[in-house]
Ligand code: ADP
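Have a look below at one chain only, the form predicted on its own, in structure tokens format.
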């Protein structure tokens, strides 16, 4: 039996702001429970829905120091079992009592220093000694650092290995050395350029990357990209130096949660056999729901995304007038930067029959947008993995993506000469290339409909469930443990 502990700041179904939560909530369920005892630790946020929180079981509480700042900080341990997996919640109302999981950077730095140390302190109390602690993103960055410093000589932790997964390198947990040192209680010798120091500050993500036994990220292409200056966010030198202990494993999606054959959120359920007719019914229902003219002949393209620069929305803004032509309906679903929220609101006002701006996020509605769209647009500046294109494929919706990170790894571009491919892609971060690719997709949709329908079916038959990725993680765990 291998003991694996996942440490992260979010996890479905309890709390989610991005794809990280899907990975942490779904991957442990996939492993064979006869071989793996997988458990998860996240913060006990006040904003976790009451239907879960009300059923958490109290395990224990104790007090620990936080460096030079506080010598007695409360650490509560709550437990909940779901799908055969034990979830532990670090309970502290001061740090996790807000109405959102994240706040301002300084406050987040302090609470995730607390969280990382609390994770280490909890393990003997719950009597769970992991073979591997699998840490996710900067919020868990100090766990490997604590393991190799303050807890190094404690017999309980001897032989424990760590794997660190980068979901998005842009977010690193950077603050001044004096503050992080005084809060963490870490020794002075870790705040050097070869360890935590980063441009005269301290970098929690860098600490995790330096001290972890192995580093993964969420696609093969992104694993290569982050070793370059353009994508490396200042850590490309470190990642290049560790490239023998670095690999990419593409995320999967939960094929039960995203299944058009059983999805009760959508108007008409469907599989590969009745896809064409049923998608037409879902398109009609979507057009009615969001107030666009009901017209089966329109090309419905959607964006389901956080509305931020990273998602390539400046390219969309450049081409939007030309994307929204008389043959096209454009559906936007998401929240984010006010400049993009307001851009799409303005266009919805200017082009009421051609663009629908839904500045919100609702999971059930998102499923109806996937099912009712002909294509989904993902023109990201960078994309470590991306789940939107994987969900779109599952729902028979053709992805139009930029060739970066996981988008490049998962969307094979359509080739009209040999009839292969499951989507459309463009290489350069350029608005005209984006527009040309959308127009090429429209050409295939309107003028080569048989080829389009075959592409839809190929996409639906492509397997991006967690089973493939879980096997790669299992192989990695065995390698790290030397088994």
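The shown structure was predicted, so the numbers you read here are calculated from the model rather than taken from an experiment. Residue numbers count along the first chain shown, from 1.
Not on display, but discussed next: the form predicted in complex with adenosine-5'-diphosphate.
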### Message
To test your reading of this chain, name the stretch in 355 to 363, 408 to 416, 276 to 284, 94 to 102 whose heavy atoms come within 4.5 Å of adenosine-5'-diphosphate in the predicted bound form.
### Response
355 to 363
## Note on the structure
If we test each of 379, 372, 208, 386 for a heavy atom within 4.5 Å of adenosine-5'-diphosphate in the predicted bound form, the one that passes is 386
### Option touching adenosine-5'-diphosphate, based on a heavy atom within 4.5 Å in the predicted bound form, out of 190, 333, 163, 119
333
### Task
Tell me, yes or no, whether residue 258 is in contact with adenosine-5'-diphosphate in the predicted bound form, where a contact means a heavy atom of each within 4.5 Å.
yes
### Contact flag, residue 16 vs adenosine-5'-diphosphate in the predicted bound form, heavy atom cut 4.5 Å
yes
### Message
Is it the case that residue 219, even though its partner is missing from this view, gets within 4.5 Å of adenosine-5'-diphosphate in the predicted bound form, heavy atoms only?
### Response
no
### Query
With the cut-off set at 4.5 Å between non-hydrogen atoms, does residue 470 touch adenosine-5'-diphosphate in the predicted bound form?
no
### Query
Which residues in 301 to 323 have a heavy atom within 4.5 Å of adenosine-5'-diphosphate in the predicted bound form?
304, 305, 306, 310, 311
